[in-house]
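Only one chain comes next, encoded as structure tokens, the form predicted on its own.
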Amino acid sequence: MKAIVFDEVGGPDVLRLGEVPKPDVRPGMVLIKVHAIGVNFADTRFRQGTYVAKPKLPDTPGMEASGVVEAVGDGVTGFAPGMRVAAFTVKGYAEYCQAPASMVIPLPDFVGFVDGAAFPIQVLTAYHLLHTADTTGPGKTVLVHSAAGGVGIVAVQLAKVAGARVFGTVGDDAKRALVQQHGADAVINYTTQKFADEVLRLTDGRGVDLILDAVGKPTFEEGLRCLANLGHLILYGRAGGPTDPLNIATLSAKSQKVSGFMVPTVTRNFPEKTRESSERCFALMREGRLKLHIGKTFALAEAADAHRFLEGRQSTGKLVLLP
């Protein structure tokens, strides 16, 4: 089968289209014929060798995909060949991939494969940031960094559905309208405005209750400055580099909380939460209250171009590869 392979860590140029053996389905696993593949910032870090999971060279990136069940391994129930699914996977930049049955999500008929490929990481990360790592509802104020990105644009919508007041940050004025269209109460260009000052102005000096930060170093300290008393900052990425060391004692004055989050913590350890959250988000999609924004699609062979586009901060919403 065709797959994207890299033999050494490095820039996008290390990615190439190659031939690799089609995987044999293993016990407890589901083999999927891939129709669409989600591209994530974590894929670029995996390619660079700086992600939590290290590549075993030669290796293939890819953490989520959608498609049709090709076969199921021994012990698998609830899935059968021909079913449409999305999945958390590994080596997903390929024509076929495998996933543990607990990491496979049945796709409703109204969800296409492209949206299906954008669903697992993008949607469930946003959902669990708001409703598992914290609680979000009326009276809460939420700041979403990278609000035009894949997770960000979903988080804005889900926070609004929950009844919160939502602010988003973007790095380009051209992205403002997109975030506003998806429900943000205010959008701040962090390259032309000091976002912490603007947040404090918008909240009459109180600050926000919850900050969702996938950027890291450039936003972390200023985020703490505009975090309210008893506020919570969740760091779930580091697109701008790792944060400087934090003196925990500095949080005491306003009784603030800082935590980290990765969606596999939920999907691997709490499968019932994965099922419940998926059903909830699919229902919102059916009702038209949650819309996935696919910024651009690329052919599988163009994976290097997709990575360049993502790393160039040109993208909005989700990037998807099509085998």
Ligand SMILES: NC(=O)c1ccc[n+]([C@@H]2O[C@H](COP(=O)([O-])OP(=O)(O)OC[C@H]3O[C@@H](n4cnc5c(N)ncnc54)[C@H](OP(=O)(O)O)[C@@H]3O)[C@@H](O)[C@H]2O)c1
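So that there is no doubt, residue numbering starts at 1 and follows the sequence shown. Remember, predicted model here, so these are calculated numbers, not experimental data.
Omitted here: the form predicted together with this ligand. The next part is about that form.
Q: Please state whether every one of the three residues D24, P81 and A101 places a non-hydrogen atom within 4.5 angstroms of this ligand in the predicted bound form.
A: No, none of the three is in contact.
Q: Looking at G183, G73, G237, P106, which has any heavy atom no more than 4.5 Å from this ligand in the predicted bound form?
A: Only one listed residue qualifies here, and that residue is G237.
Q: Counting any non-hydrogen atom inside 4.5 Å, which residue from T136, S146, Q157, T89 sits next to this ligand in the predicted bound form?
A: Among T136, S146, Q157, T89, a heavy atom within 4.5 Å of this ligand in the predicted bound form occurs only for S146.
Q: Should Y190 be counted as a contact of this ligand in the predicted bound form, where contact means heavy atoms within 4.5 Å?
A: Close contact exists here: in the predicted bound form, Y190 approaches this ligand to within 4.5 Å, heavy atoms only.
Q: Within 4.5 Å, heavy atoms only: does G150 come near this ligand in the predicted bound form?
A: So G150 counts as contacting this ligand.
Q: May I ask you to state whether C97 is within 4.5 Å of this ligand in the predicted bound form, using heavy atom distances?
A: Contact check for C97: no, nothing within 4.5 Å of this ligand in the predicted bound form.
Q: Flag V215 as yes or no: does it have a non-hydrogen atom within 4.5 angstroms of any non-hydrogen atom of this ligand in the predicted bound form?
A: Yes, V215 is a contact residue.
Q: Which one, 106-114, 169-177, 200-208, 244-252, holds residues whose non-hydrogen atoms are within 4.5 Å of this ligand in the predicted bound form?
A: Only one stretch passes the 4.5 Å heavy-atom test: 169-177.
Q: Where, within 296-323, is there a heavy atom within 4.5 Å of this ligand in the predicted bound form? Residue list please.
A: L310, E311, R313, S315, G317, in sequence order.
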